[in-house]
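Presented as structure tokens, the chain that follows is alone, the form predicted on its own.
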């Protein structure tokens, strides 16, 4: 069985490729390197069952280029992320989440392949309820610059659901909350890789605002196991939150990272970023628990694993 992974050179894509290849699966990776890293996937070429195609899934011919492969599963992860890219790549985000998703669903229909779309907790916008359940409809301003990602993912979910209803495509949706682990890009502006990059370069962790905003963080291995459960056991056309139920303030997260890195530094507070004003994101994971999923890696353990990976890379 051949498995297609779009966004294969990104943080999640690289880890997913690695896990599947170590399981003996045949993997075709796709990326346009808009934000993905060629360095990330270099080691994957040592697996004889891995092949890679540099391409943009928004290209109208993209699905046709893949028709010759015996694809039976598709993990659609392709989309630029990061607060900085909300300003730099809003159209790329929107096109990946609409045209790109349509192209990959067309491919899934033709190949009769199962399909998993990587959505995001961003579909909830600035939530008014906590924790967020899959039934919560969200609080999103479509004219806000952040909407390029939020509304893009919301539209993508609608496209997936429509293909399930009208074309009987076997597709499911994973709503990903904050995730961390090895193979993040050095350019990644998400909070954990940003803190680690700053400390590696001898700088203090920089926090926008007072640092009391709360997030939850899931180690990448637990996310990937969740993907497999959703793909194999999830209900067609349904969305599943996947993340940690344990919230932590950004201040406390910075302190944990300083300790994990054995650093002696303070925290630097900057003016609040107008694109990142959400006070809390926290998932309800009851639907995932019904599939048999649970978090296995604590935040402390996961941060230590991530630090060990960074040190190995530096050495």
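Positions refer to the first chain, counted from 1. This is a predicted model, so every value here is computed, not measured.
One more form of this protein should be noted, the form predicted in complex with a small molecule, which is absent from this view; the next part is about it.
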- Query: Which of these residues, 103, 197, 132, 178, gets a heavy atom within 4.5 Å of the small molecule in the model of the complex?
  - Reply: 178
- None of 230, 96, 160, 108 but one has a heavy atom within 4.5 Å of the small molecule in the model of the complex; the exception is 96
- Task: Classify residue 77 as contacting or not contacting the small molecule in the model of the complex by the rule of any non-hydrogen atom within 4.5 angstroms, answering yes or no.
- Result: yes
- Item | Contact of residue 57 with the small molecule in the model of the complex (heavy atom, 4.5 Å) | yes
- With the cut-off set at 4.5 Å between non-hydrogen atoms, does residue 34 touch the small molecule in the model of the complex? yes
- Going by a heavy atom distance of 4.5 Å, is residue 240 a contact of the small molecule in the model of the complex? no
- Tell me which of 199-207, 108-116, 132-140, 170-178 has residues with heavy atoms within 4.5 angstroms of the small molecule in the model of the complex? 170-178
